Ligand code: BGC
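Single chain ahead, written as structure tokens, the form predicted alone.
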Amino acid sequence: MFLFQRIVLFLFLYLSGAQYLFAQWPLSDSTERAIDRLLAAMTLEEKIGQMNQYNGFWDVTGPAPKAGADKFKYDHFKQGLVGSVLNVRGVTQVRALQELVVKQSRLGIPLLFGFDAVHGYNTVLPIPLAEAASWDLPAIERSARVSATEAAASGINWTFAPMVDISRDARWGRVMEGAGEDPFLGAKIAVARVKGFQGNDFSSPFNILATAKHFAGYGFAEGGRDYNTVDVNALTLHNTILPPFYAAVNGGVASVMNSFNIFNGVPATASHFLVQDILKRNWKFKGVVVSDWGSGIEMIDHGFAENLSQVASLAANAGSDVDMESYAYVNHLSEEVRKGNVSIATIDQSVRRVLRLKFMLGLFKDPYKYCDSTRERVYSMHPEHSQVARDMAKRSMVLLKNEKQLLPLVEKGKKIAVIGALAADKNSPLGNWRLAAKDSSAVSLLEGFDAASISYQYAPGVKLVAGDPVHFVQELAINTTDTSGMAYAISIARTADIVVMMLGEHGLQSGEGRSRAQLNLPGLQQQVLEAVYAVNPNVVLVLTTGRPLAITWAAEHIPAILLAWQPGSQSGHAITDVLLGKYNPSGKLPMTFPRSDSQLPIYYNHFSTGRPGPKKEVFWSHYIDESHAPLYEFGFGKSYTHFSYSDLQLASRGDTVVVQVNLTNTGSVVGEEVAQLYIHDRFSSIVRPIRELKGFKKVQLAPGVSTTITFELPVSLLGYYNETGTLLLEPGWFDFYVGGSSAATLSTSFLYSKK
């Protein structure tokens, strides 16, 4: 917790006092006993109300709805038929709705207030995929803490994050919301984000409930098309998809969200196998399972349920505790219970989980715990949060290429041209999923250059977007015809010493519902890039994107490429810091960059096949018109300095494999390196990937300095899960690789023998 935050929290607790509005539940009782007593006092309808979640639908501080569907839902609050809401935010709105429920419903059970605080709230941090590129777990946890602090100060106590879906297909727009393609890295980041949101003690009004989503398989949508069919085998489920969820559950995540897709022919919201068998029974998860928006009612479109009555019984029996915006539970579940299709015990189990969260947050002690206008005023876009956002953005950037010593920029005595409409854009850097942010509130690259007193000429080149998109859900119209600005851009490029071009996706081109079939530079950007390069090859490309892009031409021609992702509120300052060398880039790719869309899905931890190649004849696994190798491999990232690895050694100490390697900064500036450890199980009863990440450490070294990095691997990390989810640990030879990416060449071998 930040120092300033500690001071404010102390003053809040000391001066305000707590209102014990629910003294009928003695504090000496255990939480479970208190829940027992409350359940005994509830009607069936009131119990089901705790399983019902509504989206905010009217100005809570204004007049109540007088007719229609809104009046119907409004009355449900007063009748105790709503347990939680989403998208009601701001202390004034939250307190008003909480007062309505607490004071007017029969039992006065407080509400939970949910919101998608995915990568920030008012202050926007880099998109989660960018943060994953930092491989910096403390920084990622700190980033989530900022999101939680601002959201909590605004009345929110439940965030629908982190997304922990593993995905291997950059066409899927929601890769921007996750941690990439690797289950080991994804699991570590999941735990860091959960800890950042939830903290260590829910008595604090700055800690909120986290949600691991989407359970399960959502990232494997066929063709990368959002909401599409998922068809994966049991080995992929247990070894690739589930590990980040399991890590989040072990890390104490409060809730898990269902996914939209089918799994084994059953919509995930109705999957007894996923929710009851794996999550609740095998993993002993005690928190709440919440549907995704309308994922219940979508069972009808899937052809799995005929009507909402069936939706209600199928989802409840599968263990989905809260129905978000399907209206199935509140309107039909009580009748399903009376028909005998759903047992009272099933209802009680779900309601107990919901009530447990409310007790855990202390809402029965003080329903208005998250409703303090002073905290809201102080913490909205707090200066410390801007510092964290700037630092996180710098740590997230990946240097893909740096030839001709173009970076870091030496601005004095150099004539610099800045080209690209995105360089002046203050909205795009916020990325997607920034619901609480003020539109166009990011620092643009031009503003970053101005603040650093860099002299430059600017030309937008070509407009990326036709129109002026500022709204979160607005569809973008990409400019494919207007080249009116290209001539001026070429003219200033021709006379410049260095050209900085900011190109890529707009921030609203990735995210939910924003799948792309082609991963090129959108619109006319490739055309202007080639035209500028033709008159001046000294180009630094700043690539902004929410996903890996196929930038093969740029990789072959442009001498310097900095992957900035969508860096958030402090975008322009952070990019400028890196371009000037005030921060030495240290990011590593959490997803593979393809050469071509046709390679997708592409990922480093693939299987060998029976004909891996390369071979001189045509009969091996490859393309005849494109290399099957990635453009940039998983884990790749350069620096303004250079690192060398040497003296790799292994030792066995009981149930631990100790791996040591020497790392040296052989360059001329201080830098950070992410040392990565991969293994390969040579022969096993079920074939294993050619490489699997099993460890990483981020180390800072001064020029000429060496250090010994030690990885201590429990032997269980040599194992894998079979199709039933049983961990297999088989004797045999394992190859170990250590280096700066998944293409590491320094290797040694280890023979594991069961004792």
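So that there is no doubt, residue numbering starts at 1 and follows the sequence shown. From a predicted model like this one, the values you see are computed outputs, not experimental measurements.
There is also a form predicted together with the named molecule; it is not shown, and the following applies to it.
Site annotation in the predicted complex: the residue of 423, 237, 561, 257 reaching within 4.5 Å of the named molecule with a heavy atom is 257. Screening 358, 573, 213, 89 for any heavy atom within 4.5 Å of the named molecule in the predicted complex leaves a single hit, 213. Judged by heavy atoms within 4.5 Å of the named molecule in the predicted complex, the contact stretch among the candidates 327-335, 289-297, 135-143, 542-550 is 289-297.
Although the named molecule is omitted here, in the predicted complex all of 116, 160 and 174 have a heavy atom within 4.5 Å of it. When the named molecule is considered in the predicted complex, residue 634 lies well away from it, no heavy atom lying within 4.5 Å.
Contact check for residue 433: a heavy atom falls within 4.5 Å of the named molecule in the predicted complex. Contact between residue 512 and the named molecule in the predicted complex is found at the 4.5 Å heavy atom cutoff.
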